[in-house]
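One chain comes next, on its own, written as structure tokens: the form predicted alone.
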């Protein structure tokens, strides 16, 4: 998606209006030439009535200052021990980064203010080691932040946070952003990093379910950069606190923030809760999207081409697989006159989502619905996906006798010579996990 494609953006406006996004920017991204473009993207979000709270990191600047002053750092990321010398440099780095961010926001015409709406507490002694000036979030003053947002003021939260006594503590900015997202009921937690996303074996995972992320984090054989692991850990915690989406993406890419939010494919890694995948009954308004899917399927002869009118007439038979309000797959469930057999048909998934289990979920859903309707057997006709139905969905070879008389006649007239497959619904308990 091009950032200038307003039609692509505006379709999401009703979905995100008045929602809160927490955007966490690494210190290295604040220093990158693309940060000006990021601020412009934030201005676009604000113009669409999306409320933004900005959190910045300081790791990049902290390392630079340590080199200039020849001071060894006890910890860079704010997760380990922060000694007095490191804390002093961290305060200086935070002031420099905050001022840079304020300058960019002001140049973009955005009202903003640094806030002490977060209170920290000392991390204390862990495994016998005193973490000194390292802190963690103790409380988020939601009322102050909501008041600022209501007045069209963008809150800027720094990783130097005071405790009850006013003592400054260094807090990891990834953790800080997660706590803000949870407390504010944010719709999105977005990490802008110098990485293209969460990479596994050299490949960026575009869409990642929360439970799969937790398996990755627990797998000691998977090596992740510590900076990415920190964000992934906090993303998982955010989803546990009912934040629906967490994103990890490259902040150096022009238009990357808008692309990640407003394009159905996105740019980096989106980690989603279980409600992200949604299969629902098709509605009349879905007819055009279903017709588009049917056209794509017919090009490879995978599906029989249906007119939009035909789809509208049989819309009650269709169900769709939806991701963020975009239909990326469909299937239909057709009853036979005997009441004992149903047919799953028109199963199609957009090519980009192949290999992600979407087709299998659609077929498994069809099995459940067929059994709920009292059917004893589910049949499928296929010219190209016999292997999928048999190996992934548990179907076995059938015959023309499994079809209704009308369906046998249709098949003969079409000349498609489709393979007949069938699934005994008594086996459903073993087939569906």
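We call the rigid core the largest set of C-alpha positions that still match within 1.5 Å between the two forms. Numbering follows the first chain given and starts at 1. These figures come from a predicted structure and were not determined experimentally.
The following text describes the form predicted in complex with a small molecule, which does not appear among the structures shown.
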Mark residue 385 yes when one of its heavy atoms lies within 4.5 Å of a heavy atom of the small molecule in the predicted complex, and no otherwise. yes
Since only the chain is shown here, I'm wondering whether residue 381 would be in contact with the small molecule in the predicted complex (any heavy atom pair within 4.5 Å). yes
Please check if residue 392 has a heavy atom lying within 4.5 Å of any heavy atom of the small molecule in the predicted complex. yes
Quick check on residue 356: any heavy atom within 4.5 Å of the small molecule in the predicted complex? yes
Okay, which stretch from 177-185, 135-143, 340-348, 235-243 lines the small molecule in the predicted complex, with non-hydrogen atoms inside 4.5 Å? 340-348
Just to confirm, with a 4.5 Å cut-off on non-hydrogen atoms, which of 360, 91, 119, 111 contacts the small molecule in the predicted complex? 360
Report the residue, out of 162, 302, 95, 222, that has at least one non-hydrogen atom within 4.5 angstroms of the small molecule in the predicted complex. 302
Has the Cα of residue 346 moved 2 Å or more between the shown form and the other one, judged after a core fit? yes
Large Cα move at residue 53 between the shown form and the other one, threshold 2 Å, rigid core: no
Please check if residue 32 moves between the shown form and the other one, taking a CA shift of 2 Å or more relative to the superposed core as movement. no
Quick one: in the predicted complex, is the Cα gap between residue 364 and residue 206 smaller or bigger than here? Answer closer or farther; it shifts by 3 Å or more. closer
So the C-alpha spacing of residue 206 and residue 299 changes by 3 Å or more in the predicted complex; is that change toward closer or farther than shown? farther
